[in-house]
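Presented as structure tokens, the chain that follows is alone, the form predicted on its own.
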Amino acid sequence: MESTQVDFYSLTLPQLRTFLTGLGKEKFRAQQLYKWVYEKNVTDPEMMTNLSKDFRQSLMERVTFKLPEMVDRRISVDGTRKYLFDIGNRQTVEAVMIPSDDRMTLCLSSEVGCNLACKFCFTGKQKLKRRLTAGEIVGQFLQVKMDMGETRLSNIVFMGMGEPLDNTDAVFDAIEIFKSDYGLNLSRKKITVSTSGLVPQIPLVTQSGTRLAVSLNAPNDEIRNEIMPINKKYPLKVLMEACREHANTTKDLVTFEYVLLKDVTDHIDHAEQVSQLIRNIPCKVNLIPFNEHPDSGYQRPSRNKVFQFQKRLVDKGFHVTIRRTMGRDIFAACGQLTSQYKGRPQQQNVSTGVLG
């Protein structure tokens, strides 16, 4: 029975209307169901009192409201929460809730593993096992939402495990559900899609109306080819043009994320090269001091180096922030997420780097 059921959380509102039409039901019933599930948090058809008994029975037979199982939750000393979800077949993904004074941001995963193999990323060491469904992406949000109780999740970033633009159908269906007036009703400006540089798919971000973040991470093609193999297919000139087109069309700023690797990407002349790369693109820059993980081969630069890099870009007229490192002690910081495996470290002493 369950194998033939449709996952409710994977259905956008138009897809749900089509599904219900196939059952001989009126299209407006889709809006009713969305409101029951996403607004009232009711997932038992028997409790959906404005639906007929036959319709409720049909839903129980044809639709599943099962969410990915939360199998672990770890809380950092800074309040960051990392969640581990079981998506079946012994496969797991992580999501991270990042608190700050004015927002609660949920970092979502889109894949089990990743094909892009960026050398500084823990997820990149894990080959792609499976792309998540829209329902598994939405399910992460709903599980964390329930865990947070009265505290509202205000922002979503697709910066967890996997390359979002390598799973476009599921990611953009999930975004449509997040934005739906009858669904989770999030503003487009509160949703950010990050990419390592899959240029042909960037227009999909433009069309969705969401924010674009690009993992730049290197000042030139030579270094980027080495640490981000995708650059060999879509070099910086092509990537920068796609970013410029996105910014000009949407009137939104592109966020360039830049991981600072000690003695690899953190030199002052690298900052100069970055300023030349992005000079004609409406943007902001988010500097990310490298977050350690086992056998990475890279180190975190000194605070002084980070500040010098920031100052050079600021002096060039750019808006530059340094990402506050959150959840580093529980491997929840940028670049530290991975699936569960035997011997996986669960925590580290951030002052000594000792793993635990």
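Note that the structure is a prediction, hence the values are computed from the model and not measured. One rule holds for the numbers: they count along the sequence shown, beginning at 1.
Below, we refer to the form predicted together with S-adenosyl-L-homocysteine (SAH), which is not included among the displayed structures.
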Inset, instruction - Tell me whether Y38, I137 and A174, taken together, all sit within 4.5 Å of S-adenosyl-L-homocysteine (SAH) in the model of the complex, counting heavy atoms only. - result: no
Inset, instruction - Spell out, yes or no, whether the shortest heavy atom distance between F85 and S-adenosyl-L-homocysteine (SAH) in the model of the complex is within 4.5 Å. - result: no
Legend entry - Close approach of N167 to S-adenosyl-L-homocysteine (SAH) in the model of the complex, 4.5 Å, heavy atom: no
Inset, instruction - Give a yes or no for D266: in the model of the complex, does one of its heavy atoms lie within 4.5 Å of a heavy atom belonging to S-adenosyl-L-homocysteine (SAH)? - result: no
Inset, instruction - Report yes if any heavy atom of K305 sits within 4.5 Å of a heavy atom of S-adenosyl-L-homocysteine (SAH) in the model of the complex; otherwise report no. - result: no
Inset, instruction - Have a look at 254-262, 75-83, 231-239, 94-102 and name the one stretch with heavy atoms inside 4.5 Å of S-adenosyl-L-homocysteine (SAH) in the model of the complex. - result: 254-262
Legend entry - Among the candidates S275, Q143, S194, T206, the residue which, in the model of the complex, approaches S-adenosyl-L-homocysteine (SAH) to within 4.5 Å (heavy atoms): S194
Inset, instruction - Within 4.5 Å of S-adenosyl-L-homocysteine (SAH) in the model of the complex, which residues of 152-170 have a heavy atom? Give them in sequence order, or say none. - result: F158, M159, G160, G162, E163, P164
